[in-house]
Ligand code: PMP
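What follows is a single chain, given as structure tokens, in the form predicted on its own.
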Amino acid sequence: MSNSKYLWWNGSQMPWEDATIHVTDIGWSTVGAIFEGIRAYWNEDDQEAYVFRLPEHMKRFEQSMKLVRLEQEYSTEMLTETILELIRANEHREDIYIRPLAYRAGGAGGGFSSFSSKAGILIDTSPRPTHLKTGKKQDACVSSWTRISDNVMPPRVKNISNYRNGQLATMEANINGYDVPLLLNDQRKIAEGPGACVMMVRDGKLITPGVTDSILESITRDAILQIARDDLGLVVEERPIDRTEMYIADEAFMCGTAAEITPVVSVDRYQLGDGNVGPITSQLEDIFLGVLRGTDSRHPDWRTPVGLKQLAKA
């Protein structure tokens, strides 16, 4: 995958290859780094790309900076417009992934005890095709690793350090022949997967852990719950889930910016349903992809047009 032509770094849009730092600046500066993962989806008929829930993502970016005590020099509104300008400059006429990153800046080679609230901000974009409706599915296991809790490293923050928790669980799962792990929280209930929330279907209800069960306050999760309630008329329950309840679920899936909706067809070698993508999961995928791409007119407030159509006319 080739790099985009431009990125944005500390107030300036610049060629990709010009964004360099000294090697001693990496390391401790990223311990408190926070980020967002955002997607934009290309609509061929409209000749336009739509960013999914951009205001909500940038609000969470602001909140994450606050919780790790980084000063936000640039306003959220300015960063939001910067993202749209960057996509236009790179002329992305495809599905893409957008990564705003804030890290602790200043002081080369700073150690564990060094502290500064000064932040550097980097935004880059790259192509990433959707896997929705491709038939992708996963076999999951319950990990031996425990999900971080709010008094360890707050899960609601998209802090890069938090993701080591999921990395360890993923390596264990992959070595043992599974695609994805499910982590239990310190109450021994299902929390989430590595960088993705967990949902299951049982007796026609969509069930998922609550936002205080050691999960990220996921923007995609919130959207899926709204679609389930408003568009499919499903009963939705946000509550603790036992690991054995996952074993007898009719359907399950992971959801998140990267995961989108990824069906899970077994947990700890217990087959869910008939071992294929379940009917409710499939319906959610259909609606979600249409909403993301703008081929479905529902939830228009979730789509921010980039302006590529106007750029082409110009």
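When you see a residue number, it is the position in the sequence shown, counting from 1. Values in this document were obtained by computation on a predicted structure and should not be read as measured data.
Keep in mind the form predicted in complex with this ligand is missing from the figure; the text below concerns it.
Trainee: Does this ligand get within 4.5 angstroms of any non-hydrogen atom of G32 in the predicted bound form?
Mentor: G32: no, not in contact with this ligand in the predicted bound form.
Trainee: Spell out, yes or no, whether the shortest heavy atom distance between Y74 and this ligand in the predicted bound form is within 4.5 Å.
Mentor: No, Y74 is distant from the partner.
Trainee: So, A196 and this ligand: in the predicted bound form, are they within 4.5 Å at any heavy atom pair?
Mentor: Yes.
Trainee: Check whether S218 has any heavy atom within 4.5 Å of a heavy atom of this ligand in the predicted bound form, and answer yes or no.
Mentor: So S218 counts as contacting this ligand.
Trainee: Which among 133-141, 236-244, 201-209, 157-165 is in contact with this ligand in the predicted bound form, heavy atoms within 4.5 angstroms?
Mentor: Of the options given, it is 157-165.
Trainee: Heavy atom within 4.5 Å of this ligand in the predicted bound form: which of S266, T262, S64, T257 fits that? Just give me the one.
Mentor: By the 4.5 Å criterion, the partner-contacting residue is T257.
Trainee: Enumerate the residues of 121-151 that have a non-hydrogen atom within 4.5 Å of this ligand in the predicted bound form, in sequence order, or give none.
Mentor: Heavy-atom contacts within 4.5 Å come from R147 alone.
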